[in-house]
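Below, in structure tokens: the form predicted on its own, a single chain.
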């Protein structure tokens, strides 16, 4: 029972991280129709921004996390202004895809040249563990879950309770109708890329003290993120939350039933079964 409870905690932590990253990817896809293959590398940049401020410059972890989110928000807007804004609409989707693939190749190699290709450790703020019924739960893992809940809740409140969030939802539903009502599509795209990058940077800040920072950490994350949005439904924000939790729990409990190399195969079989039953994903729509 203790082993299953530990797997449950680890699965929720993994799922919480996946949810925050996948929400950013889903947001960009749902509102801009861009499949951002560089989203994993943006997540990786968040870990190194955190390392720069917390370790290299000695900034407090919580302040460094806030700085990381702000820096990644600005970076996302810059990517929109410099690259993606030049190819608006469906006619520019292929060019945007090529840009994303180029960024996915350039960013990790650039970071490895600047910081070295090896993983960097980031000291944890909390080193103690909570003990309950024979179960030891590191405080840093609980912090990851708490931060993720705050970010996810904040995003949904922003979308539902603010004029800018409502404008973003309107653009996702019908961009032409929203523009006729006075919504600035270019401004919505700018905020969308900024928020998507900020979510990736925030997730990296949460998990970097647990897993470290590596120039190559974005590859696994982007694959997991695509798995999540396929499970939950392309463009569905609630689907990204559900898909992230399902994938996190599957990866945590999987090694208890099958050998570790078989876990990914188990995940893909699960995805196939979901798509056979509901081709649009659990909460997706045509």
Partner chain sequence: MARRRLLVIAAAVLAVVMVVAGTTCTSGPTPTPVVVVATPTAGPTPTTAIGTETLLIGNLSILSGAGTGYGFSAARGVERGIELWNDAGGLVVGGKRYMLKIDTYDWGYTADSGRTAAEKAINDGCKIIFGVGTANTAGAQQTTEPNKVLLLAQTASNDLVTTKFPYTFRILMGADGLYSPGMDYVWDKYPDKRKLFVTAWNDATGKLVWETWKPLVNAMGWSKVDFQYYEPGTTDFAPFINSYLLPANPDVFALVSRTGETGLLIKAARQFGYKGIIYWAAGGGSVPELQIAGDLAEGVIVNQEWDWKGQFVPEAAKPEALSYLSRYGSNPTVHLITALDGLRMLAAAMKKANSVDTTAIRDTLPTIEWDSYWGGKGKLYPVKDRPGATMNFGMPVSVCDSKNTALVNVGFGLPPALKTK
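Given the structure is predicted, the values throughout are model-derived calculations rather than measurements. Residue numbers count along the first chain shown, from 1.
One more form of this protein should be noted, the form predicted in complex with its partner chain, which is absent from this view; the next part is about it.
Its partner chain is not drawn, but in the predicted bound form it has no heavy atom within 4.5 Å of residue 172. With a 4.5 Å cutoff on heavy atoms, residue 118 counts as touching its partner chain in the predicted bound form. Mapping the unseen interface onto this chain, residue 6 counts among the residues with a heavy atom inside 4.5 Å of its partner chain in the predicted bound form.
Although the partner is absent from this view, residue 164 stays clear of its partner chain in the predicted bound form, with no non-hydrogen atom inside 4.5 angstroms.
Only one of 151-159, 69-77, 197-205, 96-104 places residue heavy atoms within 4.5 angstroms of its partner chain in the predicted bound form, namely 69-77.
Proximity to its partner chain in the predicted bound form, defined as a heavy atom within 4.5 Å, holds among 37, 226, 29, 51 only for 51.
For a residue to qualify, one of its non-hydrogen atoms must sit within 4.5 Å of its partner chain in the predicted bound form; all three of 56, 81 and 256 qualify. For the partner-free chain shown, 251, 252, 255, 256, 258, 259, 260, 261, 264 of 235-273 come within 4.5 angstroms of its partner chain in the predicted bound form, judged by any non-hydrogen atom.
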